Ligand SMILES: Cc1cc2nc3c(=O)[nH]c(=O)nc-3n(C[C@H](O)[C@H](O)[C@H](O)COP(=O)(O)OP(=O)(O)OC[C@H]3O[C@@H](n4cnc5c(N)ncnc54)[C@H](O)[C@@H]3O)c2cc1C
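Okay, so here's just one chain, in structure tokens, the form predicted alone.
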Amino acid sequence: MEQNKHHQVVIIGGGTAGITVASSIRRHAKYLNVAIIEPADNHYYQPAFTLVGAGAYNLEKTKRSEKSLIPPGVSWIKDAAKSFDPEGNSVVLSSGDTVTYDYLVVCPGLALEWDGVEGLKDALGKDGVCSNYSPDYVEYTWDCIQNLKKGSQALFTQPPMPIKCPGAPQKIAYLAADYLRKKGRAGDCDLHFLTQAPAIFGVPYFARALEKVMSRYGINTHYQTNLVSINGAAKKATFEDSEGKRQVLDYDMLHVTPPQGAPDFIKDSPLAGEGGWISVDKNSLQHTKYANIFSLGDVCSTPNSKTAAAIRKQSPVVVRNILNMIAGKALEEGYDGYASCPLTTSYGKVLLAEFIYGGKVTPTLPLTPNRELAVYWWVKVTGLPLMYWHYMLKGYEWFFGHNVDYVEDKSQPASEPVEKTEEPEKKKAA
């Protein structure tokens, strides 16, 4: 790559946010010179990793080559960003080259901090220690579930927030419990969900329903309890509670959600604010100091759940505001904090949690939001992947609006126990 290569719009990150923004810009303004900085060869549809870990989806279906997703007319700089000079409108790359820009969009995603739990890196991928948060280990989760024996103890952990897809740590616990139930082995194993959070879910309306799901399966729930170390050889995990007290639990299966945070090159940059996140206005997604910089997705400071659905709503706001700035128009404060979390509570049913800033429930479809429904299983397994690959990543933006005027109906009960569900898909050879 040439030194000091200039592009009108430079996008840091070729994941969900980066590809979506680039495709949307090309649809609205083909005249703009756009570049994506992304070192990875492969792009994964991460929302399906829970299904892969439960044997209900094939890992290969989650993967595409990065090259195949770069929109026509967009330059792919196959390198990693190293540092920023926002005063000089430039980015230094790992190769030492420099890229300059008129507008910068920063969306590299989160860093999985495997070193954040002592012993985790050495234990992962063997002897019952698994994680759905990496394509390298997600298939091993399914092996671990199938190998649970009578009397086994399985632990499912959730670290301090924020993490991407906050519902994922509990989803796999539900599917493991449902797998055992379907095999006629309900109660054979001792299942524990251990979360550092003070509640099962951040939105009380959905938390009440999910507490009933935990109870239905007999999963032991531990709040304000964080995994701090693993002894893989002894199969022992050490947890610490909010008062600093520690306890050691034996396990036969340990599903770990690693601590997560902004990448170091973001934390150490002049773009970072509190906590190392890129500091942006929560509605316009414009940087709070540098007017020609925007951020979206998992790495920005917006106080919403970090999900692909949030990006779907954030991307049009970023694109419109860049085009507004070019045209000399006022910015729009169009993002309301929308996020969606399809919680797979069994094989065949999903509770679809949709909400905006403040935890306000905002369903898209006219269905009771806190019910586990079969139609949402289809949405999760079939509808959303199709929309992701063929609509969202192609830069199409229109979608049904979420109902911001919805009033919670507290008289509606959560779902009753599921009596009949689908078998997990037989895992195909990669």
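We number the residues from 1 along the sequence you see. Keep in mind that what you see is a predicted model, and the values were worked out from it rather than measured.
Below: the form predicted in complex with the ligand, not depicted.
Novice: Select, from the options 334-342, 241-249, 201-209, 217-225, the stretch whose residues sit within 4.5 angstroms of the ligand in the model of the complex by heavy atom distance.
Specialist: So the stretch in question is 334-342.
Novice: Pick from 164, 287, 181, 320: which has a non-hydrogen atom within 4.5 Å of the ligand in the model of the complex?
Specialist: Result of the distance check: 164.
Novice: Have a look at 197, 191, 308, 123 for me and say which one sits with a heavy atom within 4.5 Å of the ligand in the model of the complex.
Specialist: In short, 308.
Novice: Wondering, does residue 39 line up within 4.5 Å of the ligand in the model of the complex on heavy atoms?
Specialist: Result yes; residue 39 sits at the interface with the ligand in the model of the complex.
Novice: With the partner left out of view, is residue 17 within 4.5 angstroms of the ligand in the model of the complex by any non-hydrogen atom?
Specialist: Residue 17 belongs to the contact set for the ligand.
Novice: Please run the contact check for residue 326 against the ligand in the model of the complex: heavy atoms, 4.5 angstroms, yes or no?
Specialist: Residue 326 lies outside the contact set for the ligand.
Novice: I'd like to know whether residue 380 contacts the ligand in the model of the complex, with contact meaning heavy atoms within 4.5 angstroms.
Specialist: Yes, contact at 4.5 Å.
Novice: Residues 46, 80 and 265 are flagged as a possible site; in the model of the complex, is every one of them within 4.5 Å of the ligand by some non-hydrogen atom?
Specialist: Every residue of the candidate spot has a heavy atom within 4.5 Å of the ligand in the model of the complex.
Novice: For 108-142: residues with a non-hydrogen atom within 4.5 angstroms of the ligand in the model of the complex?
Specialist: Contacting residues: 108, 109, 132, 133.
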